[in-house]
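To begin, one chain is listed below as structure tokens, in the form predicted on its own.
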């Protein structure tokens, strides 16, 4: 179970666990801080008994201490995104109905009014971290440990529930496959409401007794400077970040380029995931770093399922084979396994697969077929490796490593007074993987101001969900039966749209 992290932490007590904006912290300090948080949440009761606890804090030591404290109190950790506006935060709070809401001082003004409006216990994170420790419950592996929100074809994000057993299986699988050890040192700058940063980086590092160095946010030049100083052994990012790092490297001086590249070459493993990696980025990164990026495949519901090998040939555009403890198969529309070389939907089974969607029994029934989770991703198995071909649903967009629901964005756009109809699609983009594009049909006699609309959306959508391009159209493309043809819209944006322009047609 994820509580096993605490057991391993006791072995490494005086080793450095976290380097963060707040300072340098040992495993002993992390255990002490998380015990204080747990005691604060319990308020004298013996066990939170799987009640959710939402928390919002910048990346750093306090984030990990709060998360571990929730687990040690017997609660379900619900990490909130620092980039989400108030309506998205309120949605998660209303959906989970947490026993408590914890916020760092920087986020009190954003979160406290929502928590109080919804009548949830609210507290500053500092109070929890300064509380006296007390008796803590035993937490069984089968208990629910975390809820992460992910967009789906039904619109609003769904809460993916992971048990301690699920998290432990995911962590152990990656520790084994990528040979994590106590001498490792990794840099963390990925969003911490996402499984990539939480499990693949922080949890694997702490399970191995390694050092996790946490930056407050991603900045290409700051990341390069840290790489250039040396001492890192692993590096994990999404294709968008690698593209930005390549641009920053190209704009640097020859001396800095050499320093940065040497820092890369001293690492043992660099991984790319959460979105398809363009071969052009892989090849340019190889020139810069001397490394062939290890591509892998996973999602919130399953953790990591497929990976290119740590040792051996890595095939560009492929995502390897199943990780330890993971079963993968490709099936046709009837759920029958397909032959090698034939495209099919990826289905996954094993202890790494999530427990349930929070309070969504119908979605749970639809998500599984004979014990296999239906990912909605299509792949082909050829030459000994899986290659991802795309998604079954046109309404799921993968942008910058985040999974976004076109239906959710459309539902928000339709509440804007000047918009009568709208449609959101994703189109291929070398930086973002896919770019979110919105086509709008205004109400009669009205012409939405795109700048005002963007400002309005900023208050209601996370930045990565906001459309990069907006078209004002007289009508949306439909077939003879009146059904929207999103393929035509995708073609329109791909063929007729200049990058970053907003146009009326």
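Residue numbers count along the first chain shown, from 1. Model, not experiment: these values are computed from the prediction.
Only in words, not in the display: the form predicted together with adenosine monophosphate (AMP), which the text now covers.
With the partner left out here, adenosine monophosphate (AMP) still marks one of 267 to 275, 134 to 142, 326 to 334, 108 to 116 in the model of the complex; by a 4.5 Å heavy atom cut-off that stretch is 267 to 275. Listed residues 207, 84, 164, 398 were compared with adenosine monophosphate (AMP) in the model of the complex; 398 is the one with a heavy atom within 4.5 Å.
Between adenosine monophosphate (AMP) and the residues 102, 199, 319, 146, the one pair within 4.5 Å by heavy atoms in the model of the complex involves 319. With a 4.5 Å cutoff on heavy atoms, residue 435 does not count as touching adenosine monophosphate (AMP) in the model of the complex; it lies far away. In the model of the complex, no heavy atom of residue 72 sits within 4.5 Å of adenosine monophosphate (AMP).
When adenosine monophosphate (AMP) is considered in the model of the complex, residue 150 lines it closely, a heavy atom lying within 4.5 Å. Although the partner is absent from this view, residue 263 stays clear of adenosine monophosphate (AMP) in the model of the complex, with no non-hydrogen atom inside 4.5 angstroms. Along 371 to 396, a non-hydrogen atom within 4.5 Å of adenosine monophosphate (AMP) in the model of the complex is carried by 377, 388, 391, in order along the sequence.
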